[in-house]
Every structure is written in C-alpha cells, then in structure tokens.
Ligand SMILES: C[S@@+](CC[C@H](N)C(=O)[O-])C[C@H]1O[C@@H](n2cnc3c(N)ncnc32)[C@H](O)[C@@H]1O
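Read the single chain below, which is given as structure tokens and is the form predicted alone.
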Amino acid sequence: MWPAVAVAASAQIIGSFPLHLFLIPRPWAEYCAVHACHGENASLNLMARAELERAGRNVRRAKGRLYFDMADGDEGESGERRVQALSEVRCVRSIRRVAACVEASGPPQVGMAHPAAQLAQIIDAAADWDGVVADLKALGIQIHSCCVVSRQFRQLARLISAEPAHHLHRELGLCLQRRLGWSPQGRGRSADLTLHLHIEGPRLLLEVPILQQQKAKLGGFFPHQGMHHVEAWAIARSLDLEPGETVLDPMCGKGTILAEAAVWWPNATFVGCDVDPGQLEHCRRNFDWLKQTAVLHQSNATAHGGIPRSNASVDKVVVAPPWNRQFGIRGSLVSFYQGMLLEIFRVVRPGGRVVLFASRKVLPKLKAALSLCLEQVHGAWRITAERGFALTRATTGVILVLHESPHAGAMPASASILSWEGEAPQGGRELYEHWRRLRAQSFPRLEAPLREAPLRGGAKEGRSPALRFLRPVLACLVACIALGLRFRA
C-alpha cells in the first residue's frame, strides 16, 4: 500500500507542473525478478516462474522480467518473512523492490519540455521508501551511497525531452540524499546500492535490488569468456570431481572449463598448461575474478615430459584440444593428439579419469591417436561414454569419457548418454535445456547485493582516466605523423 501522504504530495507536485505524467495510486507490483537468461520460455525462466508462484502472488510476465506481489505477514515480522521467502527463489538473476511507478497518460506533446528535477520529485514523493528501507533492514544492509542508472536512454529521453537522461539520474540521487541521507555517486563509481530506472510499456519504474544470484553460478560473466558455460559445465561434470582431487587441463586456453569446474567444485586443485602466455594470462584473470587460485604453466603438452608434473600425479584430466580451425596445428593431427595423450596417460594416476572434448569432424583422428597410444602405455584405457550434441548449427561436439580398464583387450561399446544425465533427450535444444536445468538444481539461495571490487590486472578496470584520455590523443598523433610522412614521400 502506498502511503496517503505520498499520494497527496505527488498530486500537489503534478498539479503544479504541466507534465503529461500521472501517479498510479497503488503500485503496479511490489517486486520484480530479472530473468536469468534470454528467452521467455527458457527452462530457467520457467523454473523461476514456478518458484515465484509458490513464494508470492499475482505473478505477471514482462519482457525479461517477472512482476509479483508478496502476501503480508504479521505486523513486525513481515519484512523478515518476506526476505526469507524471497531468498528461496534461486533461478533468477536478481529480485528488486519496485519503489515507485509512474505512468504516462498519453504521448508527450510536441515541443513540451519535461524537466528532470520535476520528474525526480514526482518519483521520490510517490515511492514507498518505508517498504524499501524495511527490506534492506531485514537483510542487514546499511546504505551510505547510491547510484541511479538505466539502460533505456532513448525511452527516458522521450519523457524528459529537454534534458539528457543522466540528469534524471542525478536529480533522483539528490532526492535520495535529502530523504534518506544516501550520498549520490556517478555511474562507474563504487556505490553501496545501485537503483535502476526501467520503462515497461507506459510505466516508468524505480527498482531497488535487494537480492541477487551469484554471477559465477549464473554463468557467462568471466572476464575472458571462451566456451559457453553450460557446455563447459557438462564437460566438467563428467569428471565426477571429489574434494581434494587434482584436475589438469594440459591445453587450458582461457581456462573456461577449469574455471567452471572451480565454480561448482571449489575444493579441488586446478592445474592448467598452455603454450600461449596470453591465454594463460586470461585464465589467471578468470580465476582472479572467482577469487580462486590455479597452478598455471607455460608448456607444450605434446612433447615428451612437456607437462611439468611427475608421473601419476593428477587424479583427473580434462582437455578440449584444438581442431586445427581457430588454432592451427603444424604437421599431422593424429601425431599432435598422440603426443598429447601420451603425456596425459603419463601424469594421470591409476584408476583416474580423462574427459576429452572434440568435434565430430576430428573425432576419427582423435580415436586413431588413442589407438596408437594404447599400444605404448601401461594399463588398458577404454571409452566408457561418447556423448554427441549440437555445439552450433554446423558443428557437433562430442564428449569422450575414458577410464582405465583392469582387463586389456578390445574396447566394448560405449554409452551414448553420460552417467549423470538421467533421462536426457538425444540432442538438439532440448538437451541443452536439460543440462541447464541440471546445472540450476545446484544454485544457492539468493544473497544481498554486494559492492564488487575492481578486477586486478583487467584491461579496462586497471586503466586510469588519464590513460583513457591519452590513448585517442596518441592515436591521432601517430596518424598525423604517418600522413605527413606519406605526403613528404
């Protein structure tokens, strides 16, 4: 319920200025949940809707969001009960309190200016700040600074056609400073809380984040993203990692598979190798973002003794070797894969597990290299699972799971479904959504939004304002010198 005082104050403000906006006397929705992924009918979004229907009421779907209300609890306990119920929702990116909602009564009149300061006063007077403060208090969050942002600049510009949209952000920040004592911060600066202006049809909403899912669990937020997080999770899941085990990726690249494994099985030890120091630096930054460590080596995993590990020193090995497409290979692919596999079998412990990822196109050459290796290594390795899936429309990916067999001889037929998949579809989009649902089953409870520290060593995060200014100046200077030398010649 919106306070009667706020409604009366808003009506007074609206009556004193020739704006085309009017205030909704009741909120359109108390909360909104931001979708975890794109697509209204994606599996995670359908799971989120089911969770919200159990926790709240009046669930309404919008583009990229789900709006809903919460049932009131006993007096003095409703805030704690609401937060407890909301934190049980897991398959969303974040949950926000809808502090205010302003609706346009019609299209803006031609030539009419709508000053940002007046619109900010209307939103501030209409907002249910008591409810916002109650939710933040129930979460134990203390706010000293805030920032107002929006991604819909063109739509905001239509509402305040006389001024840039960021003027509304600034004016709202000043209103919050006067009302709640929150110091306003500019976009890009560290703030305790970031408020979002969102336009939904004719409505302008001010949303306050109160709960969020961990970005690492959602996936897709690594500073240097390589393979998609769902496929990387499926490959890492096939390792069956246990706490304390050591897992090696001898051609880790950006470390997407290792980093995804570190998200879900953080108590393992992660070792990565690659010949490219730039790729290893990207891997290091991904682990820095996770606040975890990985032992990284610049080495050639196809040479004898190229992996800097002693014999039988790692428990599990995972690798997605190059397919001679993005990263070219000199010589024969079979010889390349053979050298890699010999090194893998040297360092893996007896009874260990090896998971390989390749395309259907290079799979025959990988299997030929495996057959040659089995003639040279001690122990009998066999393929226990061979899972194909559509990586892209034109590429089929294959996950191979290898175990050491106690009995030598011909390889038996391998399973076409991985042991952890359950009743899985054979392929296509349905298989991808099945993996995504299985991954989401381990999502933790939502947590209070925390201010993130800048990433160490990042390309953008570590760049000072002076360097950002000097870079285009130096580029223009170099271009002018080159142009002058050309005319002189």
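From a predicted model like this one, the values you see are computed outputs, not experimental measurements. Numbers for residues come from their place in the sequence shown, where the first is 1.
Not pictured, yet referred to below: the form predicted together with this ligand.
If contact means a heavy atom within 4.5 Å, which one of 239-247, 197-205, 315-323, 176-184 is the stretch that engages this ligand in the predicted complex?
Correct option: 315-323.
Report the residue, out of 150, 87, 299, 338, that has at least one non-hydrogen atom within 4.5 angstroms of this ligand in the predicted complex.
None of the others qualify; the residue that does is 299.
Only one of 279, 118, 359, 212 comes within 4.5 Å of this ligand in the predicted complex by heavy atoms, so just point that one out.
By the 4.5 Å heavy-atom cutoff, the listed residue in contact is 279.
Going by a heavy atom distance of 4.5 Å, is residue 254 a contact of this ligand in the predicted complex?
Yes - in the predicted complex, heavy atoms of residue 254 and this ligand come within 4.5 Å of each other.
Heavy atom of residue 274 within 4.5 Å of this ligand in the predicted complex
Yes, residue 274 lies within 4.5 Å of this ligand in the predicted complex.
For a quick check, can you give me the residues of 349-374 that have a heavy atom within 4.5 Å of this ligand in the predicted complex?
Residues within 4.5 Å: none in this stretch.
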